[in-house]
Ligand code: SIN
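Okay, here we've got a single chain as structure tokens, the form predicted alone, with questions on binding and movement later.
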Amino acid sequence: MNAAQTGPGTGRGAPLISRSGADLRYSSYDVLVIGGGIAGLTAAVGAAHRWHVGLITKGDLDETATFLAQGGIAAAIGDYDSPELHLKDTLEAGVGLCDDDAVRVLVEEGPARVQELEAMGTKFDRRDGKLILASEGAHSVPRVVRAGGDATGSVVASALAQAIYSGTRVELHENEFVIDLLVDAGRCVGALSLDRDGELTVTLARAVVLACGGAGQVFAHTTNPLVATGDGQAMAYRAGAVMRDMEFMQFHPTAFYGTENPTLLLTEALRGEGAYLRDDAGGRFMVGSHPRAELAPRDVVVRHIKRVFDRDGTDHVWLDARHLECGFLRERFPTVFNGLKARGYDLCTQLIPIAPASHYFIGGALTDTWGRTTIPGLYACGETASTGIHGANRLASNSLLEGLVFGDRTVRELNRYLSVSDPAVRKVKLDLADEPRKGNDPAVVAEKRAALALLMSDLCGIVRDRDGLQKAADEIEAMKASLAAPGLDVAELELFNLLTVAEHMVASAVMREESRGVHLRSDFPERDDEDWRRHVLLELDADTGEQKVYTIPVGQRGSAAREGS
């Protein structure tokens, strides 16, 4: 029997940990939010107007992808812009896999969410009193609002965090690692977490919101923070949620070329302001490759960078901003300018070496447009979720907007759900083994994490093929088999989550026999709308304990994708 059948436990799969003699503490909330990026903060602040809210973050609030985000927020607020035009650009970037209804929600509700964010204290960049709207790749008009030049994420996150600090009914728990979700009779009723002192807490809640961010750390070259280990996706899967489009990881075309982890992102706005991409011979290889040249959609730019790599036998190209005014670059891009200076490069006078890096995980827990997953009581928003707005390739600066819009919509659905649901979650006896576990040596854990990242970069990175994917699947399975069950250690638990996400990414990539958006198959190099305008779904089979992978047409949720509530 699995945990869901024997009593309150961690879902369909076997619990990830043993209690190992640790004492269990209990706490309870109306709403438990897991994750401190823009989606989680938006959900927590909004839900706290009516409900008692707990917010658990794996690190500090400044360790999220939101805080690091240089790009801005795309919204149709210009006089020459419209939600219809934003819709058109988003659908084109998503190359046939977007959910039209979800995109319409995004573009129509986006402007109001941005205005509300400004009313909370976010100081967006203005000139002569008017918002500055920037250009980015695949946008037909300038529509990206920014704050602090290229520091939008930290400004936005700080404003939302201040709202939490200044008297809301949100209890913040930083540096606490959520291990697994708690499921009772098919309903999500809370989560099990581990704090920095090694103590376990059972947090009961009438509703849980997953907003844990992405999984860029599954690759060796990434812009994502060290905490982006796919925890939300992995725990949602273990709880029994349906996952969608896990093959789609967006690689940002212009990350600083080097060995850092994470690496420095060179924001798309640089190209929006006129920076060029050049090959070793100095040629602007995007000119003639796409009508928008350097401002083509990200997947197109990455494809052509890879073409240059193969043609020239290199592993990086060059960003050229030398023709732009130096004072403007310093003022407009302080994060990039100073980051490059610290690495020995001058944006004003030198070519900057760049290479694509994993940046945004499009796949995630399947949700509807109200944040409901396929498990009652469990919601997801932000990068952890698959709402369908990004299709097979995310439009630049739609991610922060997604966190705002769908974080807000999740709150509205929570208000409806909690008004009619049971008034409290009973105290549960956790179905968790209590056996001593030594776990794995920290050196082995670090070695396996690095090996997995290199494996995924080599065999399931920018370009994939069946043989490479099968080899990756075999090596991931061998890596899992070589590890002992994890102890109560965050680094170990992160590794197990990374292995889960990698396994799902590979299985989904094997299934999709075409090239579309950010998913490139050298053995199936063409887009195939006749057979593959479909989503790849993945879930844990309750009877066998094995993963089940299948496809459904765009526009359908599928018989297995059960409505959450």
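Residue positions are given as counts along the sequence shown, with the first one as 1. These numbers come from a predicted model, not from an experiment.
Another form, the form predicted in complex with this ligand, is not on view; read the next lines as being about it.
Proximity of G71 to this ligand in the model of the complex: non-hydrogen atoms within 4.5 Å are present.
In the model of the complex, this ligand sits beyond 4.5 Å of every heavy atom of N393.
This ligand is not shown here, but in the model of the complex it comes within 4.5 Å of a heavy atom of E136. Contact annotation: H252 falls within 4.5 Å of this ligand in the model of the complex, judged by heavy atom distances.
Between the options R143, R244, H359, R409, the residue in contact with this ligand in the model of the complex by a heavy atom within 4.5 angstroms is H359. Only one of the listed residues (T90, N224, T387, S397) places a non-hydrogen atom within 4.5 angstroms of this ligand in the model of the complex, and that residue is S397. This chain is displayed without this ligand, yet in the model of the complex the stretch 262-270 from 484-492, 185-193, 99-107, 262-270 comes within 4.5 Å of it by heavy atoms.
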